[in-house]
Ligand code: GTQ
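Taking the form predicted on its own, here's one chain by itself in structure tokens.
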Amino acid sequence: MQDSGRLDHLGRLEDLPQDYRDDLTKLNLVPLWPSLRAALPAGIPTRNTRPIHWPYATLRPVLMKAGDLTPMEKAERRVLVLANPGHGLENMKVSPAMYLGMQLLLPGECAPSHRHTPNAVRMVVEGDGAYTIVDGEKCPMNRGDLILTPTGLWHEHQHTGDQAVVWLDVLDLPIIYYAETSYGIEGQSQEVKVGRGDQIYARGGMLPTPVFARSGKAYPMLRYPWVAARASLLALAEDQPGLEAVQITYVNPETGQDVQNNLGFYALMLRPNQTLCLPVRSPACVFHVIEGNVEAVIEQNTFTLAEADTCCAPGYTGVTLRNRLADQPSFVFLADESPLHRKLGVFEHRG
């Protein structure tokens, strides 16, 4: 409390003579003490991330209209960005380190090959018949599948089905852009290689034996099928009936570490009628309903999330999730900034 008192009585910029301030400006100097409280607020960080809800029922029509208005050759990637107004819509981010976009691919279309420095994942929202080619590996896109397009790897999207396919993009673009390391390169269509990581690592606890040598790939598994993730959640719930949070983490099958560098990805199952109070943690978090109907209470906001709805919560904020279904579970995809916070040494878990 003594520190707080000192900071509250720090001098203001207006207390300094104008000629002195002008001299500092000419020398590209800034006095710290008038802004110390803003840089180091007491007890809890200043957060611009706001709790926001994007209902898919209202988002989908304007996304489909984008398909009518903008052909793929004029878009390269036909995406509507889920922007958090707390950060300014023009900054196109949902939190300090996360970007969200809802992407549309129509039958017969191809989103051309490119690669970029930000890490990305795709959570498939609806449709079938599309696939992503990542570093030569063909990854079918079915509802609920998680597909990685890690930093620097070539990737393209193709659609051979007969219905629109939509997926949620999650990228660490804001932090990569902030570090002045964000760029992309266009390329040629890839040749599909033999082998798929989701087949090689299809069973938990069993890895292919490296009789000669491992592949050396930083990302040995690029597609995480929802059918497998859902089965894991149901098995976990049945085996551990007293477990409060039935949640799995998407990990690198060879290292056990988070699947990508800066963001973490998880799948959560809420039992029928279950209410789950999540702990207060430092990273911001995104919630996307794969199946079911969920009520999310974030600060003073209550959101009713139907299937394919998305919402976000700022860090250092408690979140309560309630399954509104009385006779079946609900399943939620989560993305957060935990890996980045751990690397920076600022990760906090308050209860």
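Here the structure is a predicted model, which is why all the values come from computation and not from measurement. Start at 1 with the first residue shown and count on from there.
The same protein has a further form, the form predicted in complex with the named molecule, not shown here; the description that follows concerns it.
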Complete contact of 126, 143 and 158 with the named molecule in the predicted bound form (any heavy atom, 4.5 Å): no
Which of 242-250, 196-204, 229-237, 113-121 has heavy atoms within 4.5 Å of the named molecule in the predicted bound form? 113-121
87, 271, 217, 77: which sits within 4.5 Å of the named molecule in the predicted bound form by any heavy atom? 77
Only one of 222, 105, 171, 94 gets a heavy atom within 4.5 Å of the named molecule in the predicted bound form. Which one? 171
